[in-house]
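In the form predicted on its own, a lone chain appears below as structure tokens.
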């Protein structure tokens, strides 16, 4: 009788294992398909940047030949890597790096200070100010962009690096992110530092800021992507190549008469590299910050 029960149990276990194996196979196949959909445009972009004929790039689009290059060349990168002339994309890339580094650097200081004051400062009406900060976040950027253009124009800031940095240094979203992180730190840290005679700025700089690496990494990456991908604002406030970023410069390849796919692809690859480096530099803290937020709900 016991042997019959065991054999029946084994028969029931085998189909269950088989079902789990089939489910994992389906999951793996779905993940591979999603990964292929995400990666394929990037692969096509990189392969096209190594082709020297823009007409061939256009002809290969829509077929598997778009993912293969038989005679790779770096001539497109050499053409767009100049710092002067008609294809001064080296200069545009440097402009974008200056804007990126300045926006992220000043943004980390301003937003973290504001978040710390809202979390631990003695400012009156902190709850009301925090509510206003959160309310500001829901206002679309495009709805205030024209008044902002008039303001910076009257201030004489157009066609400068400052006009692409100063308006975007402070952000309601990043102030709230820092506030949320600082507010979760133990109150005993702040009180112990006060008992030792540390000032509020000293507590912020020496204790809370070193503990906020996940928040700093998250804000750095999000702010960096936002600054790097700015397109509408630079078009409105720049008229010359002096401070024009690479995102705007790439649009010059798409003219009314012809489209220079080869140079546009090479410039797009160059545009991706700095933001990928920024992500890889802060990846560890960025992932831990998102995992921590998910666990805390």
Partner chain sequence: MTLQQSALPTTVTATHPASRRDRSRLYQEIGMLAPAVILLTIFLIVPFLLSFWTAMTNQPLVPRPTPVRFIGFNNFLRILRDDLFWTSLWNVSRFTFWILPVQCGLAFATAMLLHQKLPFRNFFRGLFFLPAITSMVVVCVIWGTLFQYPTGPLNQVIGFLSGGSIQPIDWLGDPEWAMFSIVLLSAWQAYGFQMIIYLAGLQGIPDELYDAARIDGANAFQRFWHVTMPGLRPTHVFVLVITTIQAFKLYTQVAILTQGGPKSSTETVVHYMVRSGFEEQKLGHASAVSVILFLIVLVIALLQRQLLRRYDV
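Numbering follows the first chain given and starts at 1. These figures come from a predicted structure and were not determined experimentally.
Unshown form predicted in complex with the partner chain; subsequent notes refer to it.
For residue 58, a non-hydrogen atom is located within 4.5 Å of the partner chain in the predicted complex, even though that partner is not displayed.
For residue 68, no non-hydrogen atom is located within 4.5 Å of the partner chain in the predicted complex, even though that partner is not displayed.
Interface residue remark: residue 116 is counted as part of the site for the partner chain in the predicted complex, having a heavy atom within 4.5 Å. Though the partner is left out of this view, residue 128 does not reach within 4.5 Å of the partner chain in the predicted complex, counting heavy atoms only.
Figure note: of the listed segments 106 to 114, 93 to 101, 69 to 77, 206 to 214, the one touching the partner chain in the predicted complex, with heavy atoms no more than 4.5 Å away, is 106 to 114. Residues 192, 219 and 281 are none of them found to lie within 4.5 Å of the partner chain in the predicted complex, as judged by heavy atom distances. Although the partner chain is not shown here, in the predicted complex the stretch 222 to 240 places heavy atoms of 222, 225, 229, 231, 232, 235, 236 within 4.5 Å of it, in sequence order.
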